[in-house]
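Only one chain is shown below, in structure tokens, and it's the form predicted on its own.
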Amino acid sequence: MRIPLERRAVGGGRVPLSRQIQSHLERLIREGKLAPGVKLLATRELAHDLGVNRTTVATAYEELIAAGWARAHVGQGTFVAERVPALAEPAPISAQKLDWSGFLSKRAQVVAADMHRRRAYGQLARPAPGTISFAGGMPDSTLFPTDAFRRVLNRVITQEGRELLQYYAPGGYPPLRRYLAGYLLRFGVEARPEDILIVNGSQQGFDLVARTLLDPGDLVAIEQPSYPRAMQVFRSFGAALVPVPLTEAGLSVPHLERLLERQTPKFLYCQPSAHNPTGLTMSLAVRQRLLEVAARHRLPIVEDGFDGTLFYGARPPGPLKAMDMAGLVVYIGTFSKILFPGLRLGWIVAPPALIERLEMAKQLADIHTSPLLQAAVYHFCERRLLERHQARALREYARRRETLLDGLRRLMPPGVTWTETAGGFSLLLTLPEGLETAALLPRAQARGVTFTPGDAFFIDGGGERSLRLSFSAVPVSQIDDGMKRLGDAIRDLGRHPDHAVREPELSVPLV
């Protein structure tokens, strides 16, 4: 540990070295840089680092303990106290620290403004114990095939570790790119391995597309409602989002046509399959019409892909990319929904001229995605372990979806409507006229149930009466109880719309 010590007398005196050490450690504790319970360096070790007598450090520690900043355990050492003394005034600092807010880019300011909005709506804190949360649109970690993946990972480290722990080509692990070319062919997407770029999840896919295609002031056409994190990325690069309404059959192509007669978006972002938040899937007729309109107007499409593995009932039409004859579609896919989100492993499929530019952007951003994890996922898939996991997970998610839909039918008050999710993890519920989600959320949280407010999925307003319910991470045994609590909260809101309820701080992750 480095502690600056003044060893010479200044102005006729010198602060004792033990007091200087004590003051420095107090400041670190006060500022949270030494957390409660952290073990301090042994007196002998710190004395050696600082070039002082061990007794000097021991004296500093004794003063910290006497003042309540630390505690000692015989034979174990000295630890930061769990509760530190309250200070009437903060300790003076030696110099005025730089205010970084004045140096933030416009991109950072956009991101910060969005985060502040979510905090103001109670969307970032942790759920209270006992809360049934329909907020997280994520897979259930209890279903993860962790043992099987651990065995594959161990084998990969043993056999290929030296190569995979080095710097790697930005395009990705060649066997995984070859596997994905075959995997995507099952859904009609024809791509050579060199047309596929491995990325750190779909989120990095959005970022690389934005870096490569967007300039400040560009327009991006986007479904409404839509995925919040994609909206945040495009906005952060200075794009203005132009909403296109969503219908039961998918994006409103007539509305898009009228939009294209007046404006020229840089591209259209959409989720044709297992749309988040509605769970709806674009019909084949709408897909065909959309591609016709896009080809006529030379409008690129960024397709947030969700393949046919997590659908309940009929298999969806093929991705837009599978029907794209004009080279308009950039397809972004991910393993996060079906395998492990923590791997942050996804891919982009794009025409050769664009994939080269995207690869350059990736190399600047992070050089490459972990080749070790890429190789492990490849071998996991090659051994057909992914298919086995998909089948098991689909059965469980289908049970949860049906239980949720059944609970909604039985337990929601009149006037409440919802989308019939065909795939994915969520659906969108709409409250009766006159009721708003902002007033419902604290009532629901007070009853021990939470959800994602719908306004998070709309562009600059809208969605005041809607909310997303995600069922993937909620055990079947809790879903009915959760719907009863939500139904009771809606009834209470209908009876007492003006009765204020204090908002507890619960989490509403935007995945």
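A quick note: this is a predicted structure, and the numbers were derived from the prediction, not measured. Think of the rigid core as the biggest set of C-alphas that the two forms share within 1.5 Å after superposition. Start at 1 with the first residue shown and count on from there.
Below, we turn to the form predicted together with another copy of the chain, even though it does not appear here.
Checking 152-160, 428-436, 69-77, 242-250 against another copy of the chain in the model of the complex, the stretch whose residues place heavy atoms within 4.5 Å of it is 152-160. In the model of the complex, no heavy atom of P272 sits within 4.5 Å of another copy of the chain. Residue contact with another copy of the chain in the model of the complex: V330 places a heavy atom within 4.5 Å of it. Although the partner is absent here, R7 is not a contact residue: none of its heavy atoms lies within 4.5 angstroms of another copy of the chain in the model of the complex.
Among heavy atoms of G461, none comes within 4.5 Å of another copy of the chain in the model of the complex. The listed set Q363, Q390, Q288, T417 contains one residue whose heavy atoms approach another copy of the chain in the model of the complex to within 4.5 Å, identified as Q363. Proximity to another copy of the chain in the model of the complex, taken as a non-hydrogen atom within 4.5 angstroms, holds for one residue of R229, H255, R400, H379, which is R229. Contact residues in stretch 278-308 (any heavy atom within 4.5 Å of another copy of the chain, taken in the model of the complex) are R298, P300. In the core-superposed comparison between the shown form and the other one, P432 has its Cα shifted by less than 2 Å. With a cut-off of 2 Å and the rigid core superposed, L50 has a Cα displacement that reaches or exceeds the cut-off between the shown form and the other one.
Relative to the superposed core, F306 undergoes a Cα shift of 2 Å or more between the shown form and the other one.
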